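Just one chain follows, in the form predicted on its own, and it is written as C-alpha cells.
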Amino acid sequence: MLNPRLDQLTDFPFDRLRTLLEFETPPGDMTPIDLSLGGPMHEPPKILAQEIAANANGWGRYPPMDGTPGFLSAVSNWLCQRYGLPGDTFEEAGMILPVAGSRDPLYMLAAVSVPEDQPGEKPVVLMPNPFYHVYEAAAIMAGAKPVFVPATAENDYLPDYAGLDQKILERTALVFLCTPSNPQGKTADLDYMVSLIKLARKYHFNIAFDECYSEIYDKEPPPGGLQACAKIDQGFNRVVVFNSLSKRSSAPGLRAGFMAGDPALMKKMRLVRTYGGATVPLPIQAASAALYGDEKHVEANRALYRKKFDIAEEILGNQFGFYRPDGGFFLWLDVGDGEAATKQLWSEAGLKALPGAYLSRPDDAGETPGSRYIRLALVHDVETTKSAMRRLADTLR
C-alpha cells in the first residue's frame, strides 16, 4: 500500500519537458544549448576546493547536525552585515542550522507547520502562481491543500496574500514566498514583507522566505525576511529564511546553505531533520564558512549575470514582453504559447526552454498563468548566451 497523497502529485516539470520533446530533434548543424535548468555554470571560487582539501580529515567523522562553530559564526556574521542586524542577534543556540541545499528543508517545513485536519476543514498552504514546484509537493505530502495565489504581470508578480478570503487565511498553516522570485525575478520590498509577517502573526501561520537568489540582483540588494522582522522589532516569530550557496557562489554540487529564524520553529525543524535529514559533512561546512566570509567572488558572479542581462536586453529589446528582472538569473518571456515555442526552439534552434505552464496551475477560471510563457536560465558563459539570444530572436521573431 502506498500513501494516497502521491496520486495528487503531478509529473516533475523536467519529466514533462522530456515527454514534450521526445520526438523533436535539434538541428544537426547547431550545438544544443540547454536553458531549461537553473543550474549555475560559472566557475566556482578557488577557495571552495582549497577548503575542502584542507579539511579532508573531516570526511572520516560524523558531522554535527547543529553546525560547527566556524560555520555558525560565518553565517551569523554574514546575516548581520547583509541585513543590518545587531551583532548579538543569533546568540541563542539553534537559530541557524546548516542544510544540504534549500530544497529539502523547504519541503520539511510543511511537515512541521501543517496540523491535523480540523473537522470539515483541511489546512491550506499558500504559494505564488507560478511557483517553485517543491512548494506544491510539500503541501500535498504534509496533508494540506495547496492554494495558488496569482503572481502575474497584472499585480507586478507579487501574490496578494492579504487579499484572500478570511476563511482561507484562518485555515492557512504555511506561506511560501521566493524573493527574488522564480521564475519572474521579482523582488518583494520591505513593506510587502513586513505586511506579510504581520498577517502571519494575526492568523497564526508560518512563512518560508525562500531567498536562494538573494545575492544575484541587478541594482539594489533585495531585503530579507529577517530584516523585515527587525523592522517590526518583535523577534523572528513565525518566520524562517532559507539560503543556499548554489546560486550565490556558483556551487550547486556543494549542496550547502542554511536556514535561520524563529527559535521555536527551528527547534522543531532540527528534530525532524535529526530523524530524516542529511547532515552537512565537515569539509563542506568548512568550505561554506569560507564562502559566506568572502564577498569578492559574489560581486564578480553578480557582474557576470548583469552582463548577460545586458546581452539579452540588447538582442531581444521589447520583444516577448522582455524586462530586466530585479534578481535571479531567469528570463520570463511571453511567447503566446509556451509549449509550442519550446518545441519550435528545440527543433529549429537547438535551444531548450521550460514551458511556463509546467511551473503554474489553472486558476478558478481555468486559465494557467504561465501558459503563454517560457523560462530561460542565463547560466552559461557570455558567448553561449549571445548565441542563444540570437537564435531565440531569429526563431520566434
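What you are looking at is a predicted structure, and each value in this text was computed from that prediction instead of being measured. Numbers for residues come from their place in the sequence shown, where the first is 1.
A second form of this protein, the form predicted in complex with a small molecule, is not displayed here; the remarks below concern that form.
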The one residue among Arg103, Lys186, Arg273, His297 placing a heavy atom within 4.5 Å of the small molecule in the predicted bound form is Arg103
Pick from Gln227, Asn206, Ser246, Ser76: which residue has any heavy atom within 4.5 angstroms of the small molecule in the predicted bound form?
Ser246
Taking the small molecule as it sits in the predicted bound form, is Phe90 near enough to touch it, meaning that at least one heavy atom pair lies within 4.5 angstroms?
no
Does Val175 make contact with the small molecule in the predicted bound form, using a 4.5 Å heavy atom cut-off?
no
Can Tyr213 be called a contact residue for the small molecule in the predicted bound form at 4.5 Å between heavy atoms?
yes
Check Asn182 for me: does it contact the small molecule in the predicted bound form (non-hydrogen atoms, 4.5 angstroms)?
yes
Could you tell me which of 103 to 111, 147 to 155, 187 to 195, 263 to 271 sits within 4.5 Å of the small molecule in the predicted bound form, going by non-hydrogen atoms?
103 to 111
In the predicted bound form, does each of Tyr132, Tyr135 and Arg255 have a heavy atom within 4.5 Å of the small molecule?
yes
